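Only one chain is included here, represented as structure tokens and corresponding to the form predicted on its own.
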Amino acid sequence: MEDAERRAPETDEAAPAIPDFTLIRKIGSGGFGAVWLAINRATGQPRAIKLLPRRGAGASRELTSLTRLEAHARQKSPHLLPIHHVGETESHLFYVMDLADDVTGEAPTATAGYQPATLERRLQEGELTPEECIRHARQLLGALASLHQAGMVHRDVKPANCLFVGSELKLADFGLLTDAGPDISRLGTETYMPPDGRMDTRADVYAAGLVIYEMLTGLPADRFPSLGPRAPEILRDPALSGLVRLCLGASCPRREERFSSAGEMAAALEEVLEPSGPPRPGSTGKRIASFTIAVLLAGGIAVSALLLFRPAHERVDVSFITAPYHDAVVYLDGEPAVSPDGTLYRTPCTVEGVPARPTRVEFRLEGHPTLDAGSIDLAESRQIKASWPSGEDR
């Protein structure tokens, strides 16, 4: 029997003994544990194994998530990363998964140069082709729709959790998977979390919209909704324009304006990809068509692109987020923002009916200095994020 603290080749970190597998080296992390490149000692097949120390709370949480996933195995999409085995040792919970393609696009191998192909790595090369955008959008939404149909939410949809296996996109990392419900904890990756902070199916939809936006533009999610240099191509291509409208319907700051589930979003995807024609009865075309794409040109060169959330009037809805602390009162031009029922707007929140003009934005939180975000043109900005300097103590 191997020593529990044997050294794995190609790494200086001690690797625990896992039945039937030799751990090679770490290739990633997710949720509460680390992902290792491993070899099945009987078959020689390379696999990915996620390890979670049993002494931490993460193992219990992830085991609960995996149990939920297994309970709905019949409804699982082929675009959810398969989990082949879940087991325990004295020190760790572990589970065995398919290994992603090599970042070069070749089949995975247990070599020193292997790096898993993730959408995050692919986006470092720039935007995807129109065909790739459509194919991978369908795959991502198919995976999410199967979770939502089973009454679950993923809560951590992002490019790093989208792997390519056999050139097909697979949604991975189920450590934050939970049952859909009204009282879901605010967990996830902040960039992909909606302003309202409710981590339900609409939150998964919000994140999916941002991921598809990144595939379309090659820009990071925090640039949404700018189209960047690809704006002229997007306007010329009906399929790309349709995908942009889909992203707007998914990642709208106002929760009630988003698709209610990935299944609804997937149906809208097929609709926007159809040749132009009258909307079908019960279609989602009305929601998508309520947004406008405008491209500003100078000398025939695209300078910028704005995806305008507002209709043609002078008041808009704006989301406000503060970090690392929440519950800050929003001040606009020196006055606190007050809701129709007389309560103060506190972050994270969406303030409705704000004049679409340059406005001085401040955040005030007891025990902290006023956080001045400066003068912001709310005709162009729909989401305002601000942070107190590091080292602040409440």
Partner chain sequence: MSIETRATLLEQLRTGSTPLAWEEFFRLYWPVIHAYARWRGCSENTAEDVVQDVLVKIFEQRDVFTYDPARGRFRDWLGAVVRNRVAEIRRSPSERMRAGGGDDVAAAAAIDEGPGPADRWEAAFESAVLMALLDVVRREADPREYLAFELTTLAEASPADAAAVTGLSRNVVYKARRRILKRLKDLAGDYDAEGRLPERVREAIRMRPAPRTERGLTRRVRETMRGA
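Positions refer to the first chain, counted from 1. What you are looking at is a predicted structure, and each value in this text was computed from that prediction instead of being measured.
One more form of this protein should be noted, the form predicted in complex with its partner chain, which is absent from this view; the next part is about it.
Interface segment, criterion being heavy atoms within 4.5 Å of its partner chain in the predicted bound form, picked from 149 to 157, 233 to 241, 266 to 274, 164 to 172: The contacting stretch here is 233 to 241.
Wondering, does G218 line up within 4.5 Å of its partner chain in the predicted bound form on heavy atoms? The answer is yes: G218 has a heavy atom within 4.5 Å of its partner chain.
Answer yes if any heavy atom of M193 is within 4.5 Å of a heavy atom of its partner chain in the predicted bound form; otherwise answer no. Looking in the predicted bound form, residue contacts with its partner chain do not include M193, since no heavy atom lies within 4.5 Å.
E214, heavy atom within 4.5 angstroms of its partner chain in the predicted bound form: Yes - in the predicted bound form, heavy atoms of E214 and its partner chain come within 4.5 Å of each other.
Quick one: does G87 come within 4.5 Å of its partner chain in the predicted bound form, counting heavy atoms only? Heavy-atom contact with its partner chain at 4.5 Å: absent for G87.
Residues A328, V330 and K385 all lining its partner chain in the predicted bound form, heavy atom within 4.5 Å: No: none of A328, V330 and K385 comes within 4.5 Å of its partner chain in the predicted bound form.
Looking at P78, P324, G126, G105, which is the one with a non-hydrogen atom within 4.5 Å of its partner chain in the predicted bound form? Looking at P78, P324, G126, G105 one by one, just G126 meets the 4.5 Å heavy-atom criterion.
Counting only non-hydrogen atoms and a 4.5 Å cut-off, give the residues of 216 to 230 close to its partner chain in the predicted bound form. T217, G218, L219, P220, D222, R223, F224, P225, S226, L227, G228, P229 sit within 4.5 Å of the partner.
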